[in-house]
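Listed next as structure tokens is one chain, alone, in the form predicted on its own.
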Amino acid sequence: MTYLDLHAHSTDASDDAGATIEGYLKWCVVRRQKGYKIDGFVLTEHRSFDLKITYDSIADKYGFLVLKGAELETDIGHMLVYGLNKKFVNHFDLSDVHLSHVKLIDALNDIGGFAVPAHAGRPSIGMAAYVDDNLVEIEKIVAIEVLNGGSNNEENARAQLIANKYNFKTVGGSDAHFVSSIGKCVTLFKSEIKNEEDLVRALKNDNYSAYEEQSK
């Protein structure tokens, strides 16, 4: 099994974050020593994706996995996207805050990527209100984030209700912007994940679910 935090931001590319990659990794070491389950995290920087950068060296130093995705803004709220490549990055203006969720998901399907509506229970930047107003192409959604470390209990509960209603798979992510939040919410995968290709394959095909441990 693999426990991954699918939603994190760093000082590398998110202007509202205060944590470095190494800071997150050091905190992951502390969390694991305290008995929490955490094998790594995915950097989902706001409205950007750097094709060239890799974190393999520093991740190996600490014994954790550090993968890359992005958090983009669409007409139904924010989306976590994984499996990006040059074709996708060149096709979309990632800084656009009104991307079509339909075009985004279709493009990701075309390149073998995957999209997850982020903090789905929040107003405005989550998809809950858009579902209520019948603005979401439900059949295009496979999984949603129901455990978000920056959302309150009511917002996460609302996301879980949506997942239950439409039989969506569920993921968890800390939405960390500072070191102490990393790993607060994770996704439990039943398979081993070693890279971004494994992650996308698992999101498409495997059995997984949002996972949150109580304080220790």
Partner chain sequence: MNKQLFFSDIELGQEFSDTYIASSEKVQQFLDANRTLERTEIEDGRFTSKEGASTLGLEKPILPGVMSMSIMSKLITDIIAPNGKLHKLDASFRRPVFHDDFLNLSALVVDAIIEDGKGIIKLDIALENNRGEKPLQGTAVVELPTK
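Because the structure is predicted, anything quoted here is derived from the model rather than measured. Residue numbers count along the first chain shown, from 1.
What comes next is about the form predicted in complex with the partner chain, which does not appear here.
With the partner omitted from this view, the residue of Lys165, Lys61, Lys34, Lys190 that lies near the partner chain in the predicted complex is Lys34 [heavy atom within 4.5 Å]. Of the candidate stretches 165-173, 36-44, 149-157, 49-57, only 149-157 has residues with heavy atoms within 4.5 Å of the partner chain in the predicted complex. When contacts are judged by a 4.5 Å heavy atom cut-off, Glu197 does not count as touching the partner chain in the predicted complex. The closest heavy atom approach of His101 to the partner chain in the predicted complex falls outside 4.5 Å. In the predicted complex, the partner chain sits within 4.5 Å of a heavy atom belonging to Val30. Remark: Leu161 does not count among the residues lining the partner chain in the predicted complex, judged by a heavy atom distance of 4.5 Å or less. Although the partner chain is not shown here, in the predicted complex the stretch 172-197 places heavy atoms of His177, Phe178, Val179, Ser180, Ser181 within 4.5 Å of it, in sequence order.
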